[in-house]
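There is one chain below, alone, in structure tokens, taken in the form predicted alone.
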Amino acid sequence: MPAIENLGATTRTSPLWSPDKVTVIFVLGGPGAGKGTQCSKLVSDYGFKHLSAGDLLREEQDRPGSEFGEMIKTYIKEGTIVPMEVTIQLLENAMKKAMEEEKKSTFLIDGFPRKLDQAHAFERSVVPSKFTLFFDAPEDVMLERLLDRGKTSGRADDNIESIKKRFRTFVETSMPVVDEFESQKRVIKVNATQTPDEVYRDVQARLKEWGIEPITLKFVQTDA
């Protein structure tokens, strides 16, 4: 991977893709809000390509020869945010790969942007997003979920100290992203304290308001 100063996010002044050609939906919510569970359902029913910023960073930290591996590992362990240029480049690379190999053009980007400057840089250099799905849940609910997951996940950041740091980081840095997009009427806010199925029903109803239907329904309508 090239040096940070040579990455697209720092050098490009216009988006790589048009939102008419490539659809990006950001998926945000505090740690443990259930983003991954809902993304899996959306991928199955709607055909989105799901890209988790966190997963891409975790894969990169373990990739042989990665010049960013150790740096990413330290940031993740401390519950702080990896330099945005690295994250955006990893997302861009994954989108290109999905377009070429899977012919995908609609993406769910999970756990990103985590700061306003990330949002601005991505939309300026990669593609403007369509809207943000925000899964809203109080910290006590998310803490219980994460501690339960930590029993089996093996993730270094599923411990109470890292979790509390991640909560603070989310409130201080990610909520301004939600607030800005909400002021632009580009946020779908969903109550994430419900059961996964109830949350998903809400998501589907809201997507329908934006004209987004499941793949199976599209096929039925096309054949009719």
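All residue numbers refer to positions in the sequence shown, first residue = 1. Treat the numbers as computed from the prediction; the structure is a model and nothing was measured.
Only in words, not in the display: the form predicted together with a small molecule, which the text now covers.
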All of 41, 189 and 208 within 4.5 Å of the small molecule in the predicted complex, heavy atom check
no
Go through 178-186, 191-199, 62-70, 31-39 and give me the stretch that gets within 4.5 Å of the small molecule in the predicted complex, heavy atoms only.
31-39
Could you confirm whether residue 80 comes within 4.5 Å of the small molecule in the predicted complex, counting heavy atoms only?
yes
Looking at the partner-bound form in the predicted complex, is residue 50 within 4.5 Å of the small molecule by any heavy atom?
no
So in the predicted complex, is the small molecule close enough to residue 168 to count as touching (4.5 Å, heavy atoms)?
no
Going by a heavy atom distance of 4.5 Å, is residue 89 a contact of the small molecule in the predicted complex?
no
Scan 112, 122, 107, 134 and let me know which has any heavy atom within 4.5 Å of the small molecule in the predicted complex.
112
